[in-house]
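Just one chain is shown here, as structure tokens, and it is the form predicted on its own.
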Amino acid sequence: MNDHKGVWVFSENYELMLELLAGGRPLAASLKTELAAILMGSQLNDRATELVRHGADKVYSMDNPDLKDCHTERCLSLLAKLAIEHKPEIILIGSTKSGKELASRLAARLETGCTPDCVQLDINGQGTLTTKRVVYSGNAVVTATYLKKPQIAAVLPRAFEKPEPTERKGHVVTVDVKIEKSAVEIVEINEIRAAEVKIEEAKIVICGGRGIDKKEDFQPLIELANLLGGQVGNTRPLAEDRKWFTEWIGLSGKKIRPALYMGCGISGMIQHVAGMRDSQVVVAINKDPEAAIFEVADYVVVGNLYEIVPAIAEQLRKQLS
């Protein structure tokens, strides 16, 4: 007899938790069970109601000043206790830096399995969760299933589209929170300055690669992105090798799904392609007619990006005026 019931979603990133609700809804429907969101934090206000409007049947709400920063150690203890008490069948956790740690440690504590960085979820013929994740720099996809419950999966951002809110009913359960003293103490937090708009949420991305000689030469890409209402991105070598930026688009960096992606001076290494492969329209500009990125492009422009990018921007200005 299966005493595990329910699909749970959790992430310290609220926007990612909304995406997880979209991924969890078809699983709950297939298993004919509830979809629940685990909400932790301080001064949560109307967030529990918002989670219901975005698809949750039930919300376990933990509102406590000590959960303001959602420390992994504290979240782990609370989530493990809640899971032992209510026995969910599936737990989906946002695959952020802290989320990956939380998912793996929770699996160890509950003596079950965990799949990291999932991009696809499904229920197989036996009623068991099946996950898919990209491996070997995007050259292969691993399909995994589970032998024990709860079945825990860390799901990558942008794997699912955030659902639209609707007027629906749900049940909010207020959980009595008892914060245990942590063995880990946070001494200091140094925040990294990030872009005002996350590149994962951008509808248009203009991306530069090794074909750009100097950091200052990104200015035409920035101007083009501004004209289109998009953002500028870059490949890993410009961040790791040249130290121009702190983030990049790729398998080990940001994964994007814009309506339009334009790659400028990018060779098309599989590590980068794995981060932008889900773009709706791909435009590639490269002077090398054999560039690998042309294989995944919808539109190919063979030529010098220093001439082509300003020319595109000039034509756009004329059209906009």
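The first residue of the sequence shown is number 1, and the count goes up from there. Note that the structure is a prediction, hence the values are computed from the model and not measured.
There is another form of the same protein, the form predicted together with a small molecule; it is not shown, and what comes next is about it.
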| query | finding |
| --- | --- |
| One stretch from 117-125, 161-169, 219-227, 232-240 that, in the predicted complex, holds residues within 4.5 Å of the small molecule by heavy atom | 232-240 |
| Heavy atom within 4.5 Å of the small molecule in the predicted complex - residue from A154, L102, I249, I90 | I249 |
| Contacting member of A36, L51, M40, I266, with respect to the small molecule in the predicted complex [4.5 Å, heavy atom] | I266 |
| Check all three, G209, G253 and K287, heavy atom within 4.5 Å of the small molecule in the predicted complex | yes |
| Heavy atom of G303 within 4.5 Å of the small molecule in the predicted complex | yes |
| Touches the small molecule in the predicted complex: Q271 (any heavy atom, 4.5 Å) | yes |
